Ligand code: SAH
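Here we start with a single chain on its own, the form predicted on its own, put down as C-alpha cells.
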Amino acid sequence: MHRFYLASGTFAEKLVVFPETLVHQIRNVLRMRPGEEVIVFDGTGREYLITLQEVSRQVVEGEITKVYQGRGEPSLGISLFQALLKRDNFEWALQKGTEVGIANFTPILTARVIAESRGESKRERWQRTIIEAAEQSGRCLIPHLNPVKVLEAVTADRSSFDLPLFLHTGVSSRPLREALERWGSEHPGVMPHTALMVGPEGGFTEEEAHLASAQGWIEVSLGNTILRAETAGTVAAANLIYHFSRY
C-alpha cells in the first residue's frame, strides 16, 4: 500500500486534504481512484489509514478510517555523522541509512572532504531524500537532519553518547563486533545512545583519528574489506541494530 508523509497538524481529525505536491503523484503517476486506500504517517509515530474520497486535477481528499501506532522503528537510536561526499553519494548514504533505521544525520567537514558543495545549499534536497526513503521503507518517524558541522565540534560532543564509534581502518582500530561485545559485558542489557562517525572518500587522516580517540571515541573497523564511504555507515548501522535487537 502506498505511504505518504504529512507533518502532524497539517490535516483535520477525519479529513485529509493532500498538498499540491502529492496531488500530481496520486492522480497522474499512481493513477489512484476514489475508494482506494493509502497510508499517511505524521512523523510522530502514528499512522493513518485513508480512504480516498475525491481524486481530481486540483484536489485529492480522503477520510481517516483507522489510526494506529507505526511499527517501522528499531529500538536502537543511531546518530550518523557522515562526512560530505562527492556527487550523489551523500544522498545515497541518507537514503540507505534511513531505510536501515538511522535516527539522526549530521553532515560533517573533514580534512579529505572533496565534495563540490559544502552542504547547506542542498539541505532541502537532502530532506526530501530522507522523507521519500522513510515513506518507502515503512518508517513512522522522519530522521532528523542537522546542519553541517566541522569534525572538531563533533568529536568534542562525545559526552552526548553512551557508545561513540569512529569508523576507521587504522592500526589501533578494533573489530566492531569486539567493541560491541565489550560494551555488552560492561553494560549488560543496556540499550546505548549510539553515535557513528564515517569519513569521506579517502577516509579520516591519522591526526583526525588521534583527535577522536583522545576525546573518547572508539575506533572500530568492519573487517578486512574496504567499503565505499557512502556504504560504510549503512553497513555499520545495520550491524548495530541487529546486535542490539537481542536486548
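Since the model is a prediction, treat every value here as computed from it, not as a measurement. Residue numbers run from 1 along the displayed sequence.
The same protein also exists as the form predicted together with this ligand; that form is not shown, yet it is the one meant from here on.
Taking the partner from the other structure, this ligand in the predicted bound form has a heavy atom within 4.5 Å of a heavy atom of residue 167. Interface residue remark: residue 226 is counted as part of the site for this ligand in the predicted bound form, having a heavy atom within 4.5 Å.
Heavy atoms of residue 201 reach within 4.5 Å of this ligand in the predicted bound form, making it an interface residue. Though the partner is left out of this view, residue 22 does not reach within 4.5 Å of this ligand in the predicted bound form, counting heavy atoms only. Contact with this ligand in the predicted bound form, judged as any non-hydrogen atom within 4.5 angstroms, is confined among 41 to 49, 61 to 69, 184 to 192, 202 to 210 to 202 to 210. The candidate spot formed by 80, 93 and 103 is out of contact with this ligand in the predicted bound form: none of the three has a heavy atom within 4.5 Å.
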